[in-house]
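Just the one chain here, the form predicted on its own, laid out as structure tokens.
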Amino acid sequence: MANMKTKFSAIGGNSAGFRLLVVMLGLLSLGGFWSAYMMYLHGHHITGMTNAIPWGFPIVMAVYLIGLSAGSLVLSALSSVFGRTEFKPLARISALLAALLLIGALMCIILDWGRPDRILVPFFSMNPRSMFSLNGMLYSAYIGICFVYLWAMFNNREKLVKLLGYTAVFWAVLVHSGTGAIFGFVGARELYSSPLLPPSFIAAALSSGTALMIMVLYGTFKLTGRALDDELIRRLGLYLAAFIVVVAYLVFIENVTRSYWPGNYAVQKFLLLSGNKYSLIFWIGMIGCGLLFPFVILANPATGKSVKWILFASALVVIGVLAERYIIVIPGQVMPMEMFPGYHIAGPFQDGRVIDYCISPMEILFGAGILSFVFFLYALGLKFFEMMPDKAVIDEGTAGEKK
């Protein structure tokens, strides 16, 4: 049974369960918008952010969602770019979610910066030496590529789909390299400055994006009553295990390199060995949940072929990469900058000392609201557009066939 054509359709969306899900996501979204309005109205002092910690949980969520988006888009291109035709039925869903996740990431940034009315300023004041300015262009083009890619898939423009698949993968690499460069190019902060952050961001995007797609695909097919071949989940689990190894290698090299320099001893000791909450998040959240535990599950023959265990490992990776984003964004600001080497700086604005930062309930509501809004749009996208394949089953006659 070769070259079986995939049929796509919209979901009915008339069940009480679907309506309840949409209402719950809508209410959480409204909570997120309310918290953004409160921050706009009263300023960031109602959150855990201060003058010393201007990038709080909203920015953590922004870089997290950007990573999930890039990973999802690469997954959607597995069939058109890498010839893995067994994943073609999943391409539309992955591309849709990639676009929505990046829209959510941009909402985190725009609603957090305090002046959302100045959204167009970066486009009229281009600064080629500013990573923020460059990334604004990359993100906008990325969303456009996603939607044109979807349009081409809807209209069965196979040659254009293939071309856009290559473009999407190339652009996803640029997007995450640019996001990593925002932090890696900051020389004044020891825990930011690293040439390995751009590739590390890409690797973490692939692992977290794949993990999220495994959970979303399983949940979507289960809730809509459509068939999803367990073997597809197992193959995605193998990809996930490989991405985890790459992430672990880059994290290891980055921390060994940083620890090698005597000038970084204090910040590395603070992050890795001090036993504070940042050390716990690094070892338990980032290393344990994000790398070690899921890899053991996926590499073990007894659990690596079980869909339930793969789903559990994916959930751990999604949590672990959120911890990684937190570790990248927050501790780098918490540690004081050494503006005058050899001198101690003191002042009334928390100068020269370690700053405390706790995520406030307002920021949690903000992050949960934006994430809910992404899945609110995803649910509506499935209802009104032909996104879902009638089934996603491996056709052994064409699986892995190069196009």
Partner chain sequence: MSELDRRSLLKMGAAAIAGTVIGNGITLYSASAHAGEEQNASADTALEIPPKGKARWGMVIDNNKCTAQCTACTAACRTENNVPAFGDERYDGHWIRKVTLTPERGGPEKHLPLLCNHCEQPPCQHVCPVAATFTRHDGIVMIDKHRCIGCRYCMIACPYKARTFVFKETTEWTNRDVPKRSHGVVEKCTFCAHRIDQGKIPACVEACDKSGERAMIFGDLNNPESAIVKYIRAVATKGVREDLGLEPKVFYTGI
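As the structure is a computational prediction, the values presented were derived from the model and not from experiment. Residue numbers count along the first chain shown, from 1.
Quick note: we don't show the form predicted together with its partner chain, though the next part is all about it.
* **One residue of T257, T224, S133, S140 in contact with its partner chain, assessed in the predicted complex (non-hydrogen atom, 4.5 angstroms)** => None of the other options qualify; the answer is S133.
* May I ask you to choose, among G288, P122, G304, P198, the residue with a heavy atom within 4.5 Å of its partner chain in the predicted complex? => Of the listed residues, the single hit is P122.
* **Listed range touching its partner chain, judged in the predicted complex by heavy atoms within 4.5 Å, from 36-44, 22-30, 365-373, 64-72** => Only one stretch passes the 4.5 Å heavy-atom test: 36-44.
* Using heavy atoms and a 4.5 Å limit, would one call I253 a contact residue for its partner chain in the predicted complex? -> No, I253 stays farther than 4.5 Å from its partner chain in the predicted complex.
* **4.5 angstroms heavy atom contact with its partner chain in the predicted complex for R234** => Contact check for R234: no, nothing within 4.5 Å of its partner chain in the predicted complex.
* Is P262 close enough to its partner chain in the predicted complex to count, meaning some heavy atom within 4.5 Å? -> No, P262 stays farther than 4.5 Å from its partner chain in the predicted complex.
* Is there a heavy atom of S360 no more than 4.5 Å from a heavy atom of its partner chain in the predicted complex? -> Taking the distances in the predicted complex, the answer for S360 is no, it never comes within 4.5 Å of its partner chain.
* Any chance G144, G219 and F385 all have a heavy atom within 4.5 Å of its partner chain in the predicted complex? -> Not one of the three qualifies.
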